[in-house]
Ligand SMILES: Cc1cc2nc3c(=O)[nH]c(=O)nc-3n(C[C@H](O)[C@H](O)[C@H](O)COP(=O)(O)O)c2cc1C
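The form predicted on its own is given below as one chain in structure tokens.
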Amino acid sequence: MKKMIFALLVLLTIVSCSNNTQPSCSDECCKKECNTVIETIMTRRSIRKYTDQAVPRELLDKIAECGINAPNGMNAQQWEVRIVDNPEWLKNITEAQRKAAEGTPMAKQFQDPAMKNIFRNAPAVIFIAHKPGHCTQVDCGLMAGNMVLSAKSLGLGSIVMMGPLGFFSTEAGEPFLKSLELSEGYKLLLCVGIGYADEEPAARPRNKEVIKYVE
């Protein structure tokens, strides 16, 4: 009998220790019955400074997969995703845009010695293209939303950008656009920089007054 009781105590100790090794949420989240999805949404920030650490491709694969699982009109999936994590490619497009900006107001941004690439120095960039249609811009926005949230959940920072894409429509940017090998009829819409954050920006206030119930 004593042996049975001892064995039971050992088993309970193992189970207790096992439960204690589970990942925990922030204290604030746990006070409110932790919901990891909501916590990820509320703690995500746009990151504009990244470390030089490369992002493993298995993480980029998972982020892209989360992206294409976004809701989209009629499940037409009229989007394409291209991932660039080649430092040379990012360096070359930055240098090409630097030359194209000479003598224009845009040249000022390239005077920053900390600039390594035009995508906020993110070591990986996910380009999102769409086949212009009634819903496709919304579809791609939802895709990008999935990507930045999944990146956050994987310990990565992210930022959604449109500004750098203007260069692709110029003569100097054409070779880089071609290198993405988009299908005919598809156009770049936005891109998402991904990397390990080198900053922890505070949350910016949100105006809750825009939320109203209609009785």
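Just so you know, these numbers come straight off a predicted model, no measurement behind them. Just count from 1 along the sequence shown to find any residue number.
The form predicted together with this ligand is left out here; the points below concern that form.
*Asks:* Could you tell me which one of 177, 161, 60, 149 places a heavy atom within 4.5 Å of this ligand in the predicted complex?
*Replies:* Selected option: 161.
*Asks:* Of the residues 69, 170, 46, 53, which one places a heavy atom within 4.5 Å of this ligand in the predicted complex?
*Replies:* Only one option qualifies, and that one is 46.
*Asks:* Among 149-157, 162-170, 180-188, 60-68, which stretch sits within 4.5 Å of this ligand in the predicted complex, heavy atoms only?
*Replies:* Among the listed stretches, the partner-contacting one is 162-170.
*Asks:* Do residue 120 and this ligand share at least one heavy atom pair within 4.5 Å in the predicted complex?
*Replies:* Contact with this ligand, yes.
*Asks:* Can you name the residues of 185-215 that have a heavy atom within 4.5 Å of this ligand in the predicted complex?
*Replies:* Sequence-ordered list: 190, 204, 206.
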